[in-house]
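Single chain ahead, written as C-alpha cells, the form predicted alone.
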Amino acid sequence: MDLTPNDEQEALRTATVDWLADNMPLDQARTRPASIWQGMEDMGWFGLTTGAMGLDHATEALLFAELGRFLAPVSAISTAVAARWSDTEGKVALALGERILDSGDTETALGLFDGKAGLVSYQAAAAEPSLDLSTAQTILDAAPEPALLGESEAALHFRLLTAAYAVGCAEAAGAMATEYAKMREQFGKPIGSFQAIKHMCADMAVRSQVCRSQLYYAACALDGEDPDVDFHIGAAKRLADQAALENGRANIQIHGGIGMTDEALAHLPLKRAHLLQFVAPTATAELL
C-alpha cells in the first residue's frame, strides 16, 4: 500500500491550503463571515466522494486534514458524510447528543447514535458559544430521534473525517509552537535553541506524523474494503485525538505566560481538540 500522496493529490492539497490561508486564517477563527460557507461549497469539499466527483477517501482525508489545520467549521464533516450517504443537500450541522454544533443556516444535523450514523431534524434556536470558541452550538431539551442511514460505511466515513480534523488540529498546534520558538528570545537567544524546547517541538512533530500516517492507512483501508477497517479508523481517531490534545497543551506551555491569555491564539487548537475528542470517540474496547 503506497501512502505517499500522488501529484494530483498534492495539487489538490496545495490549492486547499492556499484558499484556506487567504480566506480562513486562524486569527479570524471566532469572527468568520457567514459567506465563508458558500466559498467552501464552491471549492467542492463537501462532495469529494459522491458520484459527481468520485474521488477516494484517501484524497478526501488528505484535504480534510488541511481543513482541520485551519479550524474550519465542524459541520463540514457532517455535510460531507450526509452528501455521500443520503440525498440531503446543503449544509448539515453536527449532532452531539442534545447539542447541535455549528447549527446556523440549517435545521438538519448528522451524528453517531449507538455507533450508527443518522440524520436528525431540529427547530432553529438561538446559538451560544461552545467549549471551542470557533464553534457555536444549539442546546436542545433532549436528544432528537435519528433517522439512521442504511449504509454501515457512513459511520466509518464520519469517524475518518473527524480523525482528519484532529490530525490537522495537532499540526496547527505544532506549527504555532515552532514558529513562536523561533521568534521568542530569552537570554539573548531564540527559545527554540534551548534543548528542552527542541525536545518538545520534536515530540509534537513525531505525534503529528504518526497520526497522519495512520489516517492515510485508515483511509486506504476504507477504499480497499479491508476487513479490519473498523480497527484502522478507530486507531486513527484515537491517535489523532491524543496528538491534538498533547500538542495543544505543549503549544501553550512553549508560549509561556502569554499562552494562557485570550489574545494569543494558542488556546484555539487546544479547545478544538477537546471538542473533537467527544465527536465519534474510539472506546478502548473497540481497539482491543
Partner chain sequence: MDIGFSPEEQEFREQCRDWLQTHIPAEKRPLNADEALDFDKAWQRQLFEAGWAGINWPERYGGRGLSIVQQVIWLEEYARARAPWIGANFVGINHGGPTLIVNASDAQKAFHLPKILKGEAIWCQGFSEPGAGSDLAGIRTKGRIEGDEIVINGSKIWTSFAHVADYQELVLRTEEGSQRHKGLSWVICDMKAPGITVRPIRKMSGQVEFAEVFYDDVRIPLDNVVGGLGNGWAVAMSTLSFERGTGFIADQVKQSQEVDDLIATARAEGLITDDRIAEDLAQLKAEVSAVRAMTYRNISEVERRGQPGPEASIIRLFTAELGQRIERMGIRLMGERLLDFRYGDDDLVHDYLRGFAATIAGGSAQIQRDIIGERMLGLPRSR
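Numbering follows the first chain given and starts at 1. Just so we're clear, the structure is a prediction, and the values are computed from it rather than from any experiment.
The same protein has a further form, the form predicted in complex with its partner chain, not shown here; the description that follows concerns it.
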(request) Report yes if all three of 23, 32 and 116 come within 4.5 Å of its partner chain in the model of the complex by some heavy atom, otherwise no. (result) no
(request) Given that the partner is absent here, state which listed stretch (107-115, 127-135, 152-160, 71-79) has heavy atoms within 4.5 Å of its partner chain in the model of the complex. (result) 127-135
(message) Under a 4.5 Å heavy atom criterion, is residue 12 part of the interface with its partner chain in the model of the complex?
(response) no
(request) Please run the contact check for residue 52 against its partner chain in the model of the complex: heavy atoms, 4.5 angstroms, yes or no? (result) no
(message) Test of understanding: in the model of the complex, would residue 261 fall inside 4.5 Å of its partner chain by heavy atoms?
(response) yes
(message) Is residue 86 near its partner chain? Define near as a heavy atom within 4.5 Å, in the model of the complex.
(response) no
(request) Note that its partner chain is not shown here; using its position in the model of the complex, name the residues of 251-278 with a heavy atom within 4.5 Å of it, in sequence order. (result) 252, 253, 256, 257, 258, 259, 260, 261, 262, 263, 267, 270, 271, 274, 275, 277, 278
